[in-house]
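Quick heads-up: it's one chain on its own, the form predicted on its own, in structure tokens.
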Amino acid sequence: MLHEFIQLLSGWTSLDTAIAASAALTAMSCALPGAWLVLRRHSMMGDALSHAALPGVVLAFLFAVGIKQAGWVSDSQEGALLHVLLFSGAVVVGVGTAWLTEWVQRLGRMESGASLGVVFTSVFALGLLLIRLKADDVHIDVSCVLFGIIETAALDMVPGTSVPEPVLVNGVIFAVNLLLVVLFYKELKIAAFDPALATSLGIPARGIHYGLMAVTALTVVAAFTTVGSILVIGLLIIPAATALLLSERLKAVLLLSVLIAGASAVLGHAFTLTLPRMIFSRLGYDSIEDAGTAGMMSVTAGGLFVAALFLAPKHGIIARLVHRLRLGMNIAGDDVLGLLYRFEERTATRPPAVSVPDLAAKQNGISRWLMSLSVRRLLRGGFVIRQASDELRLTDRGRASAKSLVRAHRLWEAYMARHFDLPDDHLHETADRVEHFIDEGIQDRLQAELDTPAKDPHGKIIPEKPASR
């Protein structure tokens, strides 16, 4: 499989390089404003802008064609005029969409998600209607507007150079977005996490919001010719969402968003050239040799998100499952130690050793296999020793640990009894949950606040602080 993948990629040409570069710069330019949208919890605003920009693009295109047909500009000037109109309209669309959404929300007294849905679906429908009405006159390709034409866009060179036009346009947009992040990093950070604080410090949080919408609209319009209005939302949101799974540091999230976006674009084009042929040839469809790069970019970005969702070191599903297992083992181990210690309390001398089945039967909500894993961990740590017939006894180390646990339990019961009007039979369950998280420092503070009580509300002796744990 890997050999076939490499063999298919051996036909990589300069056109593929141009396509990959165009795709990477498009994705990276989208990733920066997209990261701030995700951090501000305005992800749906990116969706709204990608849809709402459609009528602006169509109107700018129609206006440019009308000016050309009137003879006001030459063929050589039409391209530059179209770009000026597109980007000027993008600023209007970005700010206008944000303002219109807020206006609908206030006027209709609806929540923000509903107002976004009303605005962007209505405006997007208007754009599609304009395309349908004028498509025959000015040859607007609906599929081009919606899904992009990255493969052919990379063939358009900047006059007098060998640089593809999408590389230049999206490269400039990426550089501008990066420069704005560097120049206004502090203001963006404060306004993103605490707009009220930003306003109190003299930072125009509302102005930053509208500025971000304008920059996002500019980026979306620049990305239209490569990935279209439908798929651009994936490039705005997915890399940032993936980065947030991998890191909680803002600078790292911004950097990872850009890197993930670029990797999604390059890998997406590589997969476009290889995976369709590798998959469909085995299904008997030999005529299918490739796919659309724009769509594969979004699929690849989604694949990277799924991989991060499972494999992220802190927030991934596997990491959370491992953490939950460790926490369960710790709690089960504490229950074993506490139970053995209470058995010892009942007699003046050490009681007979207790078997694992007996322990499992006495622990509510703890499965037999988790109890067995916890016992093995206690044995390896030297907290208990195993006697004949699978019986357990506390070691000196285990007794000190169990003593601290029971001390935490009974101090918390005494604290709850003093500060809350609860029956005595309601104290044990709460203390049974909290005891695993009360360290010696908290125990000392509880003891000082309670004036060093000797017994808990049930009349049981509160152990003294162990010498070591």
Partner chain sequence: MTESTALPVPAETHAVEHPLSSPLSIHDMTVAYHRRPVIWDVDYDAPTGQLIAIVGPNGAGKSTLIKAVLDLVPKVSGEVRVFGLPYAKQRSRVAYVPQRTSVDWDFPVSAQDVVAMGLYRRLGWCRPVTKKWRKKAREALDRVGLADFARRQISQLSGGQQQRVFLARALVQEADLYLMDEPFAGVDAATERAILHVLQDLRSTGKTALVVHHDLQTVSDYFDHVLLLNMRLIAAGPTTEVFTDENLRRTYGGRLALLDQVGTRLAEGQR
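Residue numbers count along the first chain shown, from 1. Nothing here was measured: the structure is a model prediction, and the numbers come from that model.
One more form of this protein should be noted, the form predicted together with its partner chain, which is absent from this view; the next part is about it.
Using a 4.5 Å heavy atom cut-off, which of 197-205, 394-402, 257-265, 375-383 contacts its partner chain in the model of the complex?
The contacting stretch here is 197-205.
Ala270, Val215, Leu370, Ile190 - the one with a heavy atom within 4.5 Å of its partner chain in the model of the complex:
Selected option: Ile190.
Contact residue in the model of the complex, from Met329, Val91, Val181, Val253 (heavy atom within 4.5 Å of its partner chain)
Result of the distance check: Val253.
Partner contact for Leu39 in the model of the complex: its partner chain, 4.5 angstroms, heavy atom:
Flag for Leu39 set to yes.
So in the model of the complex, is its partner chain close enough to Leu85 to count as touching (4.5 Å, heavy atoms)?
Although its partner chain is absent here, Leu85 would stay clear of it in the model of the complex, with no heavy atoms inside 4.5 Å.
Answer with yes or no whether Arg282 is in contact with its partner chain in the model of the complex, where contact means some heavy atom within 4.5 Å.
No, Arg282 sits far enough from its partner chain in the model of the complex that none of its heavy atoms falls within 4.5 Å.
Residues of 234-261 having any heavy atom within 4.5 Å of its partner chain in the model of the complex, listed in sequence order:
If the 4.5 Å heavy-atom criterion is applied to its partner chain in the model of the complex, 234-261 yields Leu244, Glu248, Arg249, Leu250, Val253.
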